[in-house]
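Starting off, we have a lone chain in the form predicted on its own, written out as structure tokens.
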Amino acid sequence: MPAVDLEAPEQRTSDAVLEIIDVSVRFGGINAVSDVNLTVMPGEITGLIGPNGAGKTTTFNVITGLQEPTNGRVFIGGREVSHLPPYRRARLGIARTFQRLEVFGSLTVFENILAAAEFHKSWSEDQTPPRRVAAEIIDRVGLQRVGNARVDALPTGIARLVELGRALATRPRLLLLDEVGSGLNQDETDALGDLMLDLVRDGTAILLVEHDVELVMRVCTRIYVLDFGRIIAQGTPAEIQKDPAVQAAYLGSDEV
């Protein structure tokens, strides 16, 4: 009888694009994230909300491999990726934006998105010309007016859309958006919400961290609420708005 490799990554039979199971992260004596369980389904926008410092970005970092969890496991499409470095996870179809804006400031909008399309082509089987990919994404995200502008000359809100476009250039099946709506006016936020709904209709799954509660309630199918590193509620937007624990920790009675 062959030996069993107890360290081998687990395969799960699941329709979920993402599952994180019992994930905890401790920094010294501080529990940044405690026993978090979260599932993201294909073709849906899943919200992850909570006060500043609740552990949302830490959770994103665990999913993408930038932060090693103290405990817990991460699965993409039923495959355990807990042991994989960030670039390997990216090649499985994960892309993200960052709470702290990460763009190539000295490049133009087009060049930022083109760079991601070139990287994607270098390791994928997608042979679509990268310049065509970049042009299509600029149109889809609504960046036509600033396509030739240097990104460091743009308002922060528009630069966040450039970061979103760059993530889309990698053709992700799971898109992690960390406060991508920050700095946008109401019309731009409405357009962003429409874009996200359009993306999930095409089959992309989105995990959204966002402080704009109105946007979250409009676009999300399911919402998880983090407070002090723990999931205190999960459910539909209507269920979350009525939850007393969420009202006390995050939404406040006036919001509801």
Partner chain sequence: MTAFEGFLITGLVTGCIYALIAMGLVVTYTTTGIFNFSHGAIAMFSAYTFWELWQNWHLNVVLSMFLVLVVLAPLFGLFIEMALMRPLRGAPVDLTVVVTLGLLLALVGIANSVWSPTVSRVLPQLDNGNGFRVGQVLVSYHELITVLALIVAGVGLRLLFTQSRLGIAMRAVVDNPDLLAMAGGRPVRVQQLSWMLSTSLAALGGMLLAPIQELNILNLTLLVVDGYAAAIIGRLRNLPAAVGGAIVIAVGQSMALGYLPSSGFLTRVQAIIPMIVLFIVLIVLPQDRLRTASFAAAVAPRVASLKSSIGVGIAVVIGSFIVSTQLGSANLKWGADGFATALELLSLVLLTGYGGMVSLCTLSFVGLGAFAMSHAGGTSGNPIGLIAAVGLAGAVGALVALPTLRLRGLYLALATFSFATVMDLAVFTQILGTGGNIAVARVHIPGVPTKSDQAFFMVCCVTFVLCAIGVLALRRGSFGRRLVATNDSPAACATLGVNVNVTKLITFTLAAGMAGLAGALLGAVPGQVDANDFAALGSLVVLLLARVGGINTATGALLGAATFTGFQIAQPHLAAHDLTRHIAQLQYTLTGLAAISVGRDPNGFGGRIVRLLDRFKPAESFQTAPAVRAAPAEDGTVGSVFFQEEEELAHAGR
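As the structure is a computational prediction, the values presented were derived from the model and not from experiment. Residue numbers count along the first chain shown, from 1.
Below, we turn to the form predicted in complex with the partner chain, even though it does not appear here.
Interface membership of His83, the partner chain in the predicted bound form, 4.5 Å heavy atom rule: No, His83 sits far enough from the partner chain in the predicted bound form that none of its heavy atoms falls within 4.5 Å.
In the predicted bound form, Gly105 touching the partner chain (heavy atom, 4.5 Å): Yes, Gly105 is a contact residue.
The partner chain contact at Gly142 in the predicted bound form, heavy atom, 4.5 Å: The answer is yes: Gly142 has a heavy atom within 4.5 Å of the partner chain.
Interface membership of Ser122, the partner chain in the predicted bound form, 4.5 Å heavy atom rule: So Ser122 counts as contacting the partner chain.
Interface stretch in the predicted bound form with the partner chain - options 216-224, 202-210, 57-65, 35-43, non-hydrogen atom within 4.5 Å: Among the candidates, contact is made by 57-65.
Output flag, Ile20, Val25 and Ile49 jointly within 4.5 Å of the partner chain in the predicted bound form, heavy atom basis: Not a single listed residue reaches the partner chain in the predicted bound form, so no.
Heavy atom within 4.5 Å of the partner chain in the predicted bound form - qualifying residues of 93-126: Residues within 4.5 Å: Ile94, Ala95, Arg96, Phe98, Leu101, Glu102, Val103, Phe104, Gly105, Ser106, Leu107, Phe110, Glu111, Leu114, Ala115, Ala116, Glu118, Phe119, Ser122, Trp123.
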